[in-house]
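Here we start with a single chain on its own, the form predicted on its own, put down as structure tokens.
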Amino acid sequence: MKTFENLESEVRSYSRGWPTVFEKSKGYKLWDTDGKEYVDFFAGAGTLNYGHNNDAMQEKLIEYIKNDGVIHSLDMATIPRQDFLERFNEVILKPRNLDYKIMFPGPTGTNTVESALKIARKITGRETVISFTNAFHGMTIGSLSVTGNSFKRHGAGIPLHHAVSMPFDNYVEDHDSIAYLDRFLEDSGSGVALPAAIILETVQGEGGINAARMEWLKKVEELCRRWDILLIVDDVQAGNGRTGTFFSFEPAEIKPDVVCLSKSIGGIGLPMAITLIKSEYDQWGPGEHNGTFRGNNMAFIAATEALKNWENDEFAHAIQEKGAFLKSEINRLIDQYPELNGEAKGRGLMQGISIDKEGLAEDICAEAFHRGLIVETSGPDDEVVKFLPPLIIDQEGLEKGLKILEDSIKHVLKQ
């Protein structure tokens, strides 16, 4: 690790928690240069929902390169771009009766959030955006303004304006956050201007795997409709099947005005993001929001192949079954190890165990790494052991990873 310690910026993070040099990956496994095998419960922070080096995606990418396919094209028309647009419309949007224009804002999650904030302000002519406690929406200035984490916000180095944070669902026990939000909007003395948009994650990934109730999500949408506010759902981590349906908001039967997707939309881990905008709100001028890397043809190819998983309900049902198994195991661990004072969080294959003892979750994840499991922490105090295995993981992989985790819990609690 000396190369990374001597030459790379101090900003690096994951290489500190998992201090080894990784060399190979396949499916739900990673191997380092010593040949040690790791079960991956991290999946590139939710970027590898379809696993490492999917065979079909790999073959199509190799073939495209060998045939001198266009690699970089900004937003010029290419065959991979056309194929993705048509398949996404046919496989994802039409079956869900969703009328969205598809925007390519740039390659990352924060790019799609920035474009969502800009279009909401353009459409409404208003400046303020309401976000929620423990939200995480990205690391650029606009995205940071609607992010809750104080450490990341301070990194901006300037005041972050035109955003107001409201309590997320169940942020305060026995407190109706919808009534609180509604009162702020209707009271001219609240100090909160009518916002351009409300932005939310249905399951807060970095904020602690906090899953909003479906009825809460419906009420937020109702507020938006009543006050003519655009509803933005940031589905960068919770989308692409992570919670058991392609969009995480589907079970709530809501239709956001803008949806942000990145991470696993690229299929194989290549940078890609899209912003879905209701047709009536797609009022951009040509080039009003642009970027050099908004035409990743390699990602389009892998993304189009990934959509085959969504041509019927089998993949979604498999995720839901695995999620139910994971939830039962999480509850078993919480019951079996009361010293954790644990709480089950999340849904689908985006779950976690919140541990009410400072530093314990970090110690468990560190021990798990030494035993061959890649798993990270989440939450404002790194208090949640966060499970994000690839969606293609099988029962054997889940059981193996959970066995390593349980052995790690036993070891740490004995110290």
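The model shown is predicted, which means the values in this text are computed figures rather than measured ones. Numbering starts at 1 and runs along the sequence shown.
There is another form of the same protein, the form predicted in complex with a further copy of the same chain; it is not shown, and what comes next is about it.
In plain terms, the part of the chain that comes close to a further copy of the same chain in the model of the complex, with a heavy atom within 4.5 Å, is 105-113 out of 105-113, 320-328, 333-341, 212-220. Of the listed positions (H162, K255, K308, R96), a single one reaches within 4.5 angstroms of a further copy of the same chain by any non-hydrogen atom in the model of the complex, namely H162. Although the partner is absent from this view, Q395 stays clear of a further copy of the same chain in the model of the complex, with no non-hydrogen atom inside 4.5 angstroms.
At the 4.5 Å threshold, heavy atoms of E37 stay clear of a further copy of the same chain in the model of the complex, well away from it. The shortest heavy atom separation between T140 and a further copy of the same chain in the model of the complex is within 4.5 Å. Residue contact with a further copy of the same chain in the model of the complex: G359 places no heavy atom within 4.5 Å of it.
For the stretch 20-39, the set of residues having any non-hydrogen atom within 4.5 angstroms of a further copy of the same chain in the model of the complex comprises T20, V21, F22, E23, K24, S25, K26, L30, T33, in sequence order.
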